[in-house]
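A single chain, nothing else alongside it, follows as structure tokens in the form predicted on its own.
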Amino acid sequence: MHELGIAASILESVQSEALRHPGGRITKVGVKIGELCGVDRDALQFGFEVLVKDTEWEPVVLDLEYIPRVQRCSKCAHQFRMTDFDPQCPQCGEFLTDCIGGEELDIAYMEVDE
């Protein structure tokens, strides 16, 4: 379950950020998870909760934002959400499209009470 390793990395980032804000308290960390990144959101949430349980980090909330797969047409530049594994542009019918969203796995923000 690589989600536990990802949860550990998120917690390490929280701890590093806490060192930059002495006297502050991190209350929430937001993470963007793309449809294509191969991460199970429930497993990540569970892993994070297990890691922080009974520690000083237990009050930290993990806020997961799902990012759908988005394609851009190489012919007309139309952006669209790809469904049913069909890369065809719904506007012009072009099959050659590029993935421009949905591969994210990023810490988007941390809320700090100072």
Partner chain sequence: MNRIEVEKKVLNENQILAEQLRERYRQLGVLCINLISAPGSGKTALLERTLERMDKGSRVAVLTGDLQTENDAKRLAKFGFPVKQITTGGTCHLDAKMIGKHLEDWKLEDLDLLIVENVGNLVCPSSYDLGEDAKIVLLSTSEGEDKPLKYPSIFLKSELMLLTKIDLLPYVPFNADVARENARRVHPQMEIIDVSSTTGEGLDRWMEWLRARQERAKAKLQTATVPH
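Numbering follows the first chain given and starts at 1. Nothing here was measured: the structure is a model prediction, and the numbers come from that model.
We do not show the form predicted in complex with the partner chain, though everything after this point is about it.
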*Taking 4.5 angstroms as the cut-off for heavy atoms, does residue 41 touch the partner chain in the predicted complex?*
no
*in the predicted complex, residue 13 touching the partner chain (heavy atom, 4.5 Å)*: yes
*asked:* residue 92 versus the partner chain, in the predicted complex: is there a non-hydrogen atom within 4.5 Å?
replied: no
*asked:* How about residue 73 - does it come within 4.5 Å of the partner chain in the predicted complex, if we only consider non-hydrogen atoms?
replied: no
*asked:* Suppose contact means any heavy atom within 4.5 Å; which members of 65 to 83 contact the partner chain in the predicted complex?
replied: 69, 82
